[in-house]
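Two versions of one and the same chain are coming, encoded as structure tokens; call them structure 1 and structure 2.
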Structure 1
């Protein structure tokens, strides 16, 4: 999952949690706001009535000691004023019930006592709690809609900001890691960003790749130079040994010379292979040839058929779709297929079978080599193209273990994909997928 997606999900989930908590608390919040607003209104009414009493006297409401009371027709509000005992004191706002014309109604009541002309009076101003709660529902809906809209806006803003702020990181990943042919010398191109962390990351990755590239280049140069230097003394030794055979020497010495010649041949073969890999990786071959897949496979068959007879292995070449491979190096492609088919023979069972198929699979031209051989163990499969790791089956066959590394180098040189499927004891299938640059136009549908 991408970092921007994770950040967006986190922001969305955190906001949803906040909204959920807010929705749960919203009724109590609205109720408290309503009560607070209503209490404030009751206090204002009380102050206004006391001001009238102060200015016009208590007779405005009470005459001849009779109580004063008034309520609205629907009994939502009422005001009462009555004389009480001199020592009685009350100054509260609370929920209480009152009996009005045989109806018991819940009110929010302000109760306040005050003195006028040495007489103690009790003022009550009440408002029906039912009318107070009438605004709770609409207020909740409005608050919820506003909150939901704000949440959606903030999620959208977070998504836009996350994409903007992480854009340099995506550029670094695409250009410096994924889109870079590795290892390959590259010219440093700074990723423009004002974020210091990304600037450091960009520079660090470039330095790391540069260090690795330098190391790989030195290794390639060393292998190339060492291979060249080794070929000369090997050739001289071979010539000297061949000349010694012309001398009158004992048979025992001839046997030892043959053993030395065999060792030199092995050393020469290894040196040539290393030199070939080095030349491929240093791109010293041209890709200017063109050859049809059918002729290429036939050339390989002509070269290798003698080995099939030795082990009584049958080889079927099925060119279902033939294409002309362009922009290739014929010598290298021959080597690649030769090594794969040679391995299929080498690691096959006696009287085994090999099937080579060349065809379009969807929009990709593929050549697959399937054998009924000994197969490759699952734990060895990831390392079969590693030139520095010699596998058990290579040791058992007295092999140099460089055939598949050559195949890999040639495939990478031509941008050919390799897929390997193998089962121990059942056989292996190597599938080569050629790029459109090599096969030309796509197959007609």
Structure 2
């Protein structure tokens, strides 16, 4: 899930939880507010009445000892004044029921006793509870709608803001990480942002990429220099051995020289291969050749047929659609196919089969090399193109695990895709997918 989505989702959920809690608590809150508002009104009314009594005397309400009582037509409010026993004392506000003209109604009642002219009076002001609570419902509704609207607005605002604030991060990911092709990097371009964290991230990624680039460069240079430096001593040894063959020495000694020559050849082959890989990676080769796929495969076949014969392996080359490969290096393509087919021979079973097919698959020209060989185990598959990562199966063979790295370097150099499907004991299929720059055309429909 994207970071902005996560942030927005979190914001929305947290707000919803808070609002729901608030709405659930709303009736209680409103009731409390109503009650305290009502109570203070009752107190005001009481004070006003006491004021009237003080100014105009109790006679205003009570004449001849009769009690005073009055209520609104709908019995929402009532007021009563009574003479009570001298010792009676009350000063409360509470919910009670009163019977008014045969109706039992819930009231919030203020009761207060006071003395006038040595007589004790009880004042009661009541307000029906129903009228107190009747605003709760509408209030809750309005609050709910208002809050919902506000939530939607803030979610929208959050989404817009987080997208805006995280935009530099997206740019960094897209241009600095996904866009870059290791080990070739584009020139550093600062990502414009006022967020210091992103500035730091951008800079750190840039520094990291620089370090990786330098390391790659150093490795390439080292391999190139080391291989070059090795060539001279190998050359001297080779010439020395060849000259010793010319001497009049015993055959036994010559056989030993031959052993030395073999070891030297191995050293030479490794050095040459490394040098070739480093030359490819340093783009020392030109891609200006033109060659038909059929001709190229025939060329490889001519070179390799002796190896097939040696192990009695049959090779079928099926050029279903021929195509002229352009912008390529013939020498390198030859080496790539040679190595793949040579591997198919080396890792095949005796009397096995190899099928090379060249054809259009959808809009891509492909050459696939399928063998009936020993196959590659799943756990080894990710490492087959690694330099010097010697596979178990090749330990018994006369190789040093550089065939596939050559193939890989040449493929990368030409932007050719390689796909490997393999099953242990059943065989492997290597499929090369050529870019349009190399095939130069689309299949004739």
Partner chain sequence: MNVLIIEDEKALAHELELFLVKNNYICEVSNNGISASEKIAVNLYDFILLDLGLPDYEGLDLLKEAKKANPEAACIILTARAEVNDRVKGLDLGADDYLAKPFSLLELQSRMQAITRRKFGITQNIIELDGFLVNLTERTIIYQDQAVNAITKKEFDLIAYMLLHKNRTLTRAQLSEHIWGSVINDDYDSNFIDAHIKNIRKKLSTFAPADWLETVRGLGYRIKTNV
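We call the rigid core whatever largest set of C-alpha positions still superposes within 1.5 Å between the two forms. From a predicted model like this one, the values you see are computed outputs, not experimental measurements. Numbering follows the first chain given and starts at 1.
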* Asked: Pick one: is 1 or 2 the form predicted in complex with the partner chain?
  -> 2
* Examine residue 362 after superposing the rigid core and state whether its CA is displaced by 2 Å or more between the two structures. => no
* Do you see a C-alpha shift of 2 Å or more at residue 68 between the two structures, with the core held fixed? -> yes
* Asked: Does superposing the core leave residue 78 with a CA shift of 2 Å or more between the two structures?
  -> yes
* To do: May I ask for the C-alpha shift of residue 153 between the two structures, in Å, based on superposition of the rigid core?
  => 6.6
* Structure fact -> In Å, the rigid core superposition gives a C-alpha shift for residue 93 between the two structures of 13.7
